[in-house]
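In structure tokens, one chain follows: the form predicted alone.
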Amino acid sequence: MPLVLDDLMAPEAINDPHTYYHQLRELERVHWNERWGGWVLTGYDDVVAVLRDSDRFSSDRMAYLETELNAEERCLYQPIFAVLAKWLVFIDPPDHTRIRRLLNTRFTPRAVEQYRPRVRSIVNNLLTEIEPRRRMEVIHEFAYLVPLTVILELLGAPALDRDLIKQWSEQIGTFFFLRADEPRRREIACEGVTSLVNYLRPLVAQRRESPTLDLISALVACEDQQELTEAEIIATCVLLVFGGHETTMNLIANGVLALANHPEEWDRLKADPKLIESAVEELLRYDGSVKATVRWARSEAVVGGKTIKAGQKVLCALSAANRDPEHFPEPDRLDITRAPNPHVAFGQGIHICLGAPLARLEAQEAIAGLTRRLPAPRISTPTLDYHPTVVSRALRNLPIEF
């Protein structure tokens, strides 16, 4: 059956977004999606233009969603809106500029490089347990443990319960990962946000009394200088815990899947470990963890020859842009030596991913460790199950054997 191109949640679109977006791009690069009620951009140039134009396109998702809710719903969902409305990814300047400036120095490539030995140690310890078994479930036994351990140590909270945090993160993820009409979707997300806030608040209070050299202490110091409010500190900690492992977990898992489906590339990397940097860039392009991001038009704008009216929403399909044949020769081919590789997996403009240098480092060490110590794996399930979400490329599980 032909794809229903206006159904962004169709099984074909979830399981194989690249074919879906190829067909949509061939039909119309800037497409009005009647079912979703907004524009979908699948061309590289159009996606980059919108992401870089923060003057005309807003990232304030919470402000937009609140206009769609009645008073009762706004009260019901207040816990999640109170926190997510202060996330860097959902705010515009000047608040975005102020908060990002305070965090930038902690996430530069030079700053995160100090964590490489620790990440390598985490990877090696996990693989020492996995290697004798010759099998693993990639996500829960490997991909989520690497970035979560690192972000908790960076925050100064290494002893926090990883299983609880994983549970709460999955609850928060329902806000992004489930259909908008899913029963209790936002209530479940509120439960996760509230639990994580209540878990982190005492830690922030402790750092206020006894600061150390960790990131939470640095945020508290900004509060003392009246550069951050307590609510912004808590919200930023929640974002760092959730965003600091969720997207990197999916990047690692998607990368393992891509290489398992292309064993010649696994063997190529195994034979030449120096290719790891370009390999991770190609894995980001080929099947990154973020499929799309949304913007809202502040004023009328023309994109790709189409007039976008003020107030309309725009889905910037990053995974489609990353396979635009006008910018990437043989876009559906995995080539770990691809150069140049100007992918937009981390976005563009002022909202380009703050944690991109850390995510790159973690993915490099995770993939390098796997290919160094193990042969190309086999996928040990006949079907792959993805979370039904427009914005994320997220497997539910990935069992493999070596």
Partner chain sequence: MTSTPVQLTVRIDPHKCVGSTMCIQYAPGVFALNADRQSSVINAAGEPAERLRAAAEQCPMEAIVLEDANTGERIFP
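The model shown is predicted, which means the values in this text are computed figures rather than measured ones. Residue numbers count along the first chain shown, from 1.
Beyond what is shown, the protein has a form predicted in complex with the partner chain; the following relates to that form.
Candidate from T229, T108, N198, S299 lying within 4.5 Å of the partner chain in the model of the complex - any heavy atom:
When the partner chain is considered in the model of the complex, the option within 4.5 Å is T108.
Here the chain is shown alone; which of Q348, N33, S58, Q364 has a heavy atom within 4.5 Å of the partner chain in the model of the complex?
Among Q348, N33, S58, Q364, a heavy atom within 4.5 Å of the partner chain in the model of the complex occurs only for Q348.
Using 4.5 Å between non-hydrogen atoms, is R360 touching the partner chain in the model of the complex?
Within the cut-off, so yes.
Even though the partner chain is not shown here, does T97 get within 4.5 Å of it in the model of the complex, heavy atoms only?
Residue-level check for T97: yes, a contact with the partner chain.
So in the model of the complex, is the partner chain close enough to N104 to count as touching (4.5 Å, heavy atoms)?
The answer is yes: N104 has a heavy atom within 4.5 Å of the partner chain.
If you check in the model of the complex, is R338 within 4.5 Å of the partner chain, heavy atoms only?
Contact check for R338: no, nothing within 4.5 Å of the partner chain in the model of the complex.
Answer range among 108-116, 239-247, 314-322, 199-207 for contact with the partner chain, defined in the model of the complex as heavy atoms within 4.5 Å
The contacting stretch here is 108-116.
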